[in-house]
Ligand SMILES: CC(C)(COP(=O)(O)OP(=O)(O)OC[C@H]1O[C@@H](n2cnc3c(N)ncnc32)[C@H](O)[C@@H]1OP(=O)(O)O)[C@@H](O)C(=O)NCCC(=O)NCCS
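In structure tokens, one chain follows: the form predicted on its own.
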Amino acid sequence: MIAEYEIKLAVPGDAFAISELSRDTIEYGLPWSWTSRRVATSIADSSTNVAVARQAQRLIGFAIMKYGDEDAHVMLLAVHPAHRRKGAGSALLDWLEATARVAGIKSIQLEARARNTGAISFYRQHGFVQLGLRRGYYQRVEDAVRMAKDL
């Protein structure tokens, strides 16, 4: 699935497009917290991978994953609405899992909005299991479903 999309590490010049996609597809209804400055900080952080998916040189998706000693945490994963259900999200997630395995990571964790049944279903299809609920996780406005996958 990765072959259909160009998946690479983001460069500083990608920060603005990533932050806009986050604002429009992930952070809708919440105060915007993943600004281009915050994304640029993640791109520069050696314990974080910021991956982008491109098709025909156009950024259509991204993922941000922070590494711990044994676990990694997907902070954000988004695909432009026009490109959803075409494999870009799966390609990004496959890329993250492959890099985590190389790094010796034992599990990947994440949160999804409790009402985002599409995202929860997507992660379940990729082997993630629900661990619990975090009340008010999203800026005390919305609950999150905690999920994880053992590698």
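Please read these numbers as outputs of a predicted model, since none were measured by experiment. So that there is no doubt, residue numbering starts at 1 and follows the sequence shown.
We do not show the form predicted in complex with the ligand, though everything after this point is about it.
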- Message: Just checking whether residue 90 would be counted as a contact of the ligand in the model of the complex - the rule being heavy atoms within 4.5 angstroms.
- Response: yes
- Message: Given that the ligand is not shown alongside this chain, does residue 47 nevertheless sit within 4.5 Å of it in the model of the complex, heavy atom to heavy atom?
- Response: no
- Message: Even though the partner isn't displayed, in the model of the complex is residue 25 close enough to the ligand, meaning a heavy atom within 4.5 Å?
- Response: yes
- Task: Indicate whether residue 104 is a 4.5 Å heavy atom neighbour of the ligand in the model of the complex.
- Result: no
- Here the chain appears without its partner; judged in the model of the complex, the stretch of 34 to 42, 49 to 57, 95 to 103, 110 to 118 with heavy atoms within 4.5 Å of the ligand is 110 to 118
- Task: Using heavy atoms only and a 4.5 Å cut-off, decide whether all three of 16, 19 and 65 touch the ligand in the model of the complex.
- Result: no
